[in-house]
Ligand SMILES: Cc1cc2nc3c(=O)[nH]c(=O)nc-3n(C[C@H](O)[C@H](O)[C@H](O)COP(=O)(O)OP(=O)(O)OC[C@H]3O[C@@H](n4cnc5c(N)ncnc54)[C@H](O)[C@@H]3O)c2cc1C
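The chain that follows stands alone, in the form predicted alone, written as structure tokens.
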Amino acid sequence: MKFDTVITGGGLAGLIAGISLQKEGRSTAIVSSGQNALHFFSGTFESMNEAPARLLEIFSEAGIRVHYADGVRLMPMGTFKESALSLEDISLFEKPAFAKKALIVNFMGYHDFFSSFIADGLKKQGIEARIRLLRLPEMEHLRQSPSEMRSVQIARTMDRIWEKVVQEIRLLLKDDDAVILPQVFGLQDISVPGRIREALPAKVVFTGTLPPSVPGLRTQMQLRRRYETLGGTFLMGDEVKSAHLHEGVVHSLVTQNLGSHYLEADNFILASGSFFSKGLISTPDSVFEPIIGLDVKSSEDRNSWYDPDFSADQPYMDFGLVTDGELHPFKDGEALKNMYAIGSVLGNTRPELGTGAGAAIRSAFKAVDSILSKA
């Protein structure tokens, strides 16, 4: 199977790269094992103080609605974080004290939404907060198993019964000027969060839950649909196992499902993610890249990998592939001329690209521009 470019990884970076290349008439394939950082996506694009016009174009064509404002957002543990470019259903405030009284609504049996922490965080900002639980018959079948009472399963139900939820919340409202809800709306129908905001006589704030992230999964589905509409080949549930290299050039990839049928291409993009998605692997004494054995920037002293303060930034999250100015990764000190590393597999080795989703987007565009400049 021959393509212009083969991309390993179907997360934000891989999909942005694939869509961009398809829009330029290049044939691409994406190999996705299924799990990626979008499953943890907060809905805010970190370090994106300005959104490039081509990113907004991609989002618009994919049906992804975003907004921009310098401010803060309410986090799942009741803290506030500076934010700017975000999905439309993420509320941004000029300051943490965004209301006087807030009603926090959760659903009976749902433990991945930390109502008490959020209430404590709001009270520290001078916001009077109270918590109420809704018991909905439509969710009783999910409560039979804790594994079913997760955000995605709940979201599939909520998109059908959101009007009933609004009615129940109306009965609970007193003089509250804000309603805090878990982010379990709009998985299939992206209009639901907006409709809920219009239907309630108070400011509605959707707050993150434990993964999987409903807005993250929705974003992935929208980008994947757009990619496939453009003619891209999305190999879901497959995994790249190895590569054929010769004199600093990658010729093909071997995947688990294709067996003896190799993926050949002129260019290869590695968007395999970090530790969560197994783009990087750690052992008791080393960190390595599992597909090709690319050079990784890390510390040899394991004791320096982590900070005993659980809430602190963990040093191992900075580990990533060694790359040159064009994002070509190195193997045994030699740059691979037709491979590009993008997204979280870089760790924080390229701080000029930003962090999180911002780094994924910037590195994807940088790799795409390098590939297109070869023509």
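All values derive from a computational prediction rather than experimental measurement. Don't overthink the numbering: it's just position in the shown sequence, from 1.
The form predicted together with the named molecule is left out here; the points below concern that form.
The single contact residue among S277, T209, T219, S86, judged by any heavy atom lying within 4.5 Å of the named molecule in the predicted bound form, is S277.
With the named molecule left out of view, the stretch that reaches within 4.5 Å of it through heavy atoms in the predicted bound form is, among 264-272, 166-174, 110-118, 198-206, 264-272. Across the proposed site, D318, P329 and N338 without exception lack any heavy atom within 4.5 Å of the named molecule in the predicted bound form. The named molecule in the predicted bound form is not approached by L55, whose heavy atoms all lie more than 4.5 angstroms from it.
Put simply, F41 is close to the named molecule in the predicted bound form: some heavy atom of it is within 4.5 Å. In the predicted bound form, the named molecule sits within 4.5 Å of a heavy atom of E239. The named molecule is not drawn, but in the predicted bound form it has no heavy atom within 4.5 Å of I127. Shown without its partner, the chain has T8, G9, G10, G11, L12, A13, G14, V31, S32, S33 in segment 2-33 as residues with a non-hydrogen atom within 4.5 angstroms of the named molecule in the predicted bound form.
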